[in-house]
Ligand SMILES: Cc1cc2nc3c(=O)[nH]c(=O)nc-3n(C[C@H](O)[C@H](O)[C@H](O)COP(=O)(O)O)c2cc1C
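Single chain ahead, by itself, as structure tokens, in the form predicted alone.
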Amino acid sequence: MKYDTRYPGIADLKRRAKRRLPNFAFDYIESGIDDEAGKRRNRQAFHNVHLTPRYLRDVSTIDTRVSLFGTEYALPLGVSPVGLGNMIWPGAEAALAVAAQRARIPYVLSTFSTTPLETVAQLAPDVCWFQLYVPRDPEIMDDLISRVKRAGFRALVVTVDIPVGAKRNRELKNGLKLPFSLTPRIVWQSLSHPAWALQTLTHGAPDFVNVARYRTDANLGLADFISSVTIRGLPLERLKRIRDLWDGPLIIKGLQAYENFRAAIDCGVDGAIVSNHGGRQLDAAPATIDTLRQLPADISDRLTLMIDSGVRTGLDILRSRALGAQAAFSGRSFFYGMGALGRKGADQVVEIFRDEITRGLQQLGSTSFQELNAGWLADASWPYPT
């Protein structure tokens, strides 16, 4: 095993991260919306997908590679976009970009990252994707896409499930704002976690550097700031404009309704990440693995389908593949790793997933990730396809 076996699973990293991070930083990555039922439902829904193993096969050699939009990746795993990543652990975004480049897995940088997009493109030139929160102002959108294109990002991921900034109760209680308001609570939490505080002093206070030039009010709460910058619902006309501006792979993230997938296909979108924003936007939204299960063939035949929200194990990724996904992404897993182990945490998470994907395929009797299909589902019709 090529990782620290004191923390053999993502859940172990989460427990250690909770001890090492100030409460406001841990709550930011961990929290969902409202009662956080949607976040819990994402996890339970993965457990509800059962796979039937096929034995009497030689599984000494396993192929975990996947091809996405003409690029081969070593694993069907990617790093989901997470805004304000360097607040969770200072330097996290750059460390994750380096680890993703080394591991040959996609790294999706958020519009609301705290590392310049040009820097990340240099650190992960072969695997960097950019997640676009569509600006309200068309001129700002055009400028931002132009910067992403010049930097050399390989794919553009348009997120559509944030028509308004979310009212996340933990964030409101912690009083998160940019720039940081040094309330007594935040000062005490920072000083009581010296490793985090020292790293923050070294790296500097995080800020939304990629949209700073477009900012009009420098003292907004997180939800209000996001609402002030982003468009209130993405019209199809704007999506078509993005398609005209971007000549590389265009991916849409956050769709769950069938008619929305059809509309995106008509706009020329190449792929979709089935997502409910990790349970952080609408507490009543269906679990993403359930949405994936219900999508008909006319969607999967015309779009490269991927998934995020609730992915915590290699087995989750194999379950997703059996239901039609070409890859799966996780954000919280990687930031649990960063919070738990610092820069080493990025590689730790990659290797945990690599080990679990490989062992899972061997246990199922499959020699490659691409081989998995609906025939491995426990409720598939008999006889199984060969």
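Since the structure is predicted, the reported quantities are computational estimates derived from the model, not experimental observations. From 1 onward, residues are counted along the sequence shown.
Here the subject shifts to the form predicted in complex with the ligand, a form of this protein not shown in this document.
* **Listed residue that, although the ligand is not shown, lies within 4.5 Å of it in the model of the complex (heavy atoms), from 68, 322, 341, 29** => In short, 29.
* Asked: Of these, 82, 99, 252, 292, which has a heavy atom no more than 4.5 Å from the ligand in the model of the complex?
  -> Going through each option in turn, the one that passes is 82.
* Asked: Can you pick the stretch from 259-267, 128-136, 148-156, 233-241 whose heavy atoms fall within 4.5 Å of the ligand in the model of the complex?
  -> Heavy atoms within 4.5 Å of the ligand in the model of the complex occur in 128-136.
* Using a 4.5 Å heavy atom cut-off, state whether residue 354 contacts the ligand in the model of the complex. => Although the ligand is absent here, residue 354 would stay clear of it in the model of the complex, with no heavy atoms inside 4.5 Å.
* Asked: Does any heavy atom of residue 314 come within 4.5 Å of a heavy atom of the ligand in the model of the complex?
  -> Residue-level check for residue 314: no, no contact with the ligand.
* Contact between residue 332 and the ligand in the model of the complex at 4.5 Å, heavy atoms? -> It does: once the ligand is placed as it appears in the model of the complex, residue 332 has a heavy atom within 4.5 Å of it.
* To do: State yes or no: in the model of the complex, is some non-hydrogen atom of residue 76 no more than 4.5 angstroms from a non-hydrogen atom of the ligand?
  => Because no heavy atom of residue 76 falls inside 4.5 Å of the ligand in the model of the complex, the answer is no.
* What residues of 255-280, in sequence order, lie within 4.5 Å of the ligand in the model of the complex by heavy atom? -> Counting only heavy atoms within 4.5 Å of the ligand in the model of the complex, the contacting residues of 255-280 are 275, 277, 278, 280.
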